[in-house]
Structures are given as structure tokens and as C-alpha cells.
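As C-alpha cells, one chain now follows by itself in the form predicted on its own.
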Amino acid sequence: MLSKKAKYALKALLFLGKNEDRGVLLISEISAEEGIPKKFLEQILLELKKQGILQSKRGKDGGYLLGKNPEDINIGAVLRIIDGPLAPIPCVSKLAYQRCDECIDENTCEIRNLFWQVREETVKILDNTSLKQLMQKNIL
């Protein structure tokens, strides 16, 4: 499930992308326009800045802007920055794998096999969707 933090991150990125021609935008403007609590948004934008997704400018005319072109911002990567692994259950995660305590045989576990497919399809969609595609509603 998409966390509220990840949803807010995507909403903020969409707002910055759609208003890219305006340059640096204030946190308060993004917050007001997108209905995101300002303090929460500050934390989210700082995380995205640390990962190079955003740039910031300090001072009177300060704020945030995209650090990459919208076509180079991968939605899967953004979600991993904000929420961590995309796997719906830990035993199918590639980066944060954890064996289920109750599992007898992972190779024959029907639940694991199903959620491996879910993970693969999810990753395929998210890793092949750019912010630009999301802005253009051109996803599938």
C-alpha cells in the first residue's frame, strides 16, 4: 500500500514538474496548493533533495525545484527513497529480504509465488514510469 508520505512526495513532484517554468517554488505554496502539511512536506522534500531528485535555494527567494529532468525521475526510485522496498511481503524483496518465520519451503509456497509475481509486475510498472509520463497521464 502506498504510504501517505509517498503519495505526498509524488504530489509535490508533480506540482514542481508542472510548474517547472516558474523556477524555485516555496514550500508554503506547494503545501497550500497540494493540501500537504508544511512540516511533513519539509521532511519529504529534504529526503528527495539528499537523493538528487530535487534542488533547493536558500534565502528570501528560496525554495525547491526539480534536480533532474522529469523524464529522468523514476517513480519506482522515488517510492524506494520514501518508503523503502516495493515488495508487498519481505520474502519477495530483493533488497530487504526476510524469510517468513512460518514458511516450510519457499520454493513451493503458493503465497510467496503469488506475491513474487505481484512484486515483479509492480516493479516493472513503477520502474518504467517517469515523472514526465505521470505528468502527461501517459503511463500504460
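Residue numbers run from 1 along the displayed sequence. Heads up, when I say rigid core I mean the largest set of C-alphas that superpose within 1.5 Å between the two forms. This structure is a prediction, so every number in the text was calculated from the model and none was measured.
The discussion below concerns the form predicted together with another copy of the chain, not included here.
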- [ ] Report yes if any heavy atom of residue 67 sits within 4.5 Å of a heavy atom of another copy of the chain in the predicted bound form; otherwise report no.
- [x] no
Open item on the list: in the predicted bound form, does residue 5 come within 4.5 Å of another copy of the chain, counting heavy atoms only?
Closed with: no
Open item on the list: Residue-level question: is residue 79 within 4.5 Å of another copy of the chain in the predicted bound form, judged on heavy atoms?
Closed with: yes
- [ ] Tell me, yes or no, whether residue 75 is in contact with another copy of the chain in the predicted bound form, where a contact means a heavy atom of each within 4.5 Å.
- [x] yes
Open item on the list: Looking at 37 to 45, 50 to 58, 103 to 111, 22 to 30, which stretch has residues with any non-hydrogen atom within 4.5 Å of another copy of the chain in the predicted bound form?
Closed with: 103 to 111
Task: Within 18 to 32, the residues that have a heavy atom no more than 4.5 Å from another copy of the chain in the predicted bound form - done: 18
Open item on the list: Quick check on residue 100: with the core superposed, does its CA move 2 angstroms or more between the shown form and the other one?
Closed with: yes
